[in-house]
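Here we start with a single chain on its own, the form predicted on its own, put down as structure tokens.
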Amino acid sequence: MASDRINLLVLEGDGIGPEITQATVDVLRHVDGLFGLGLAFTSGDIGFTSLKTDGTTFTKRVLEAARAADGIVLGPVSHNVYPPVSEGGLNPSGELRKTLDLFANIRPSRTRDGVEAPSRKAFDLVVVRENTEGFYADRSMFMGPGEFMPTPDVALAIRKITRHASLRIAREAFDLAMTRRRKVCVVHKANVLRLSDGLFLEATRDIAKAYPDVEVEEQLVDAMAALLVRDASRYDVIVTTNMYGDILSDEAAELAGGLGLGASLNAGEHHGLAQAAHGSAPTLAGLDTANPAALIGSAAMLLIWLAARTGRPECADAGRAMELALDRTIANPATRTGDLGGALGTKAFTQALIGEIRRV
């Protein structure tokens, strides 16, 4: 990366994707001017737009642009209604996670002032989710899908857990815990999945030995789902495998006030990708009603990640300013979007947020 430029690839996606990615770019352009980040934006087509023009939802051209970028902003995609892979229906999110080795999916959840939340107590936790293997059919095999049907009446799925992936996601979680409250909860189901979850649990215990200052707890995934409902404030960093992390992070987001606030970062050794935890909400597309907070929060996480890897502290300053302004904007009933009980649309919320950043 040139010392004075940070190249961001923006992929709008489907449904509300174009609206919330434009809102996110507007905010990024604003902090670029305030903090002198030197952001440069390029864009690429994915999803149904790409399928129409190129016959595939994810082209090699976009993949190469992602490889060359310093960071990626990915809008939500409607991959559940794409055609089969044989007809061009690739999942852009899954493809990027696999090919760029974005092994850590970091999903923070916390209650916020002024936002109604099902949780009875305030909490602030992060789910650190392994992102490249597990039960996800597009990530569990070298070639071909991890699901198959030997007969029309039998469907099988293969789950892959490796020591390498388990060690590195555990290390990511413990490193993060050292910057927070120094508590890690390891979530597994090794009482039943003795080999695969047993390997994951063994790897996390090995990593824990190098972090004597971190308090470690282990929980079965079914118990963990209940314990989060009972008292999410007990937890700081939760580390787990792919599918468990996907489910538990959505649960935590709902307990904090809804998936509309669910920021998320997909990170590897060399690439970072901002992606909201929620879906593409096609019924809201084009109505200027979608809440862009989750993707904007994800972009803030990306800036902070870039700061650590490029030695550019101004990126972290900008990311933290975005997060603080999000808190303040959401806390004010007059500047909330409809899903949070307010009256603002996507564009008006974005302008209110930009105004708040100027006051941070």
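Start at 1 with the first residue shown and count on from there. The structure presented is a predicted model; accordingly, all values stated were derived computationally and were not measured.
The following text describes the form predicted together with a small molecule, which does not appear among the structures shown.
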item	value
Residue stretch of 184 to 192, 202 to 210, 167 to 175, 91 to 99 approaching the small molecule in the model of the complex, non-hydrogen atom distance within 4.5 Å	91 to 99
In the model of the complex, residue 123 touching the small molecule (heavy atom, 4.5 Å)	no
Contact label in the model of the complex: residue 79 to the small molecule, heavy atom within 4.5 Å	yes
The small molecule contact in the model of the complex: residue 135, any heavy atom under 4.5 Å	no
is_contact(residue 246, the small molecule) in the model of the complex, heavy atom dist at most 4.5 Å	yes
